[in-house]
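Single chain ahead, by itself, as structure tokens, in the form predicted alone.
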């Protein structure tokens, strides 16, 4: 199994290190052809508008959609969660998303950089709380019928899953705790679609 990590901007190196610590083969994806052979793709946190513009420049919107249609799982963390959402409640006029996951998100929902924080989260499927690192984080305001809520913080959805798609509004890659990366590999990659 090989997992790709979109390496255009943001916290992609930390995701690569987390998968490698689990013994999972990874590739830093900088061009669309590098998606070939990837069972899953992580779209990392960073700046959603910057990542989105780079994705458009290099042709990633079409390539990711095609590979997902062919069975590649996708996980969006923080900015990545915005980019895989079907709806962004406060999108900029020219902001584009992949529209893969039936969720509605709000950008920078907790405030500015100075309002970043950490919190222990109860997560469905994990036996112990997970330390969430929220940096200019979005939250998920609504989910579609087929979406499972994995975690809440302060009554807001911060992690969700829809078949072979997963969204976290925080940064699991910054914690040194590999459980979300293991969850993606073992339960999201290759999951059947309803």
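Keep in mind the model is a prediction, meaning the values are calculated, not measured. Positions refer to the first chain, counted from 1.
Keep in mind that the form predicted in complex with a small molecule is missing from the display, and what follows is about it.
Heavy atoms within 4.5 Å of the small molecule in the model of the complex are found in one stretch of 144-152, 22-30, 38-46, 54-62, which is 38-46. By the criterion of a heavy atom within 4.5 Å, residue 136 is counted among the residues contacting the small molecule in the model of the complex. Of the heavy atoms in residue 104, none are within 4.5 Å of the small molecule in the model of the complex. Although the partner is absent here, residue 85 is not a contact residue: none of its heavy atoms lies within 4.5 angstroms of the small molecule in the model of the complex. A residue is said to contact a partner when one of its heavy atoms sits within 4.5 Å of a partner heavy atom; residue 171 meets this definition for the small molecule in the model of the complex.
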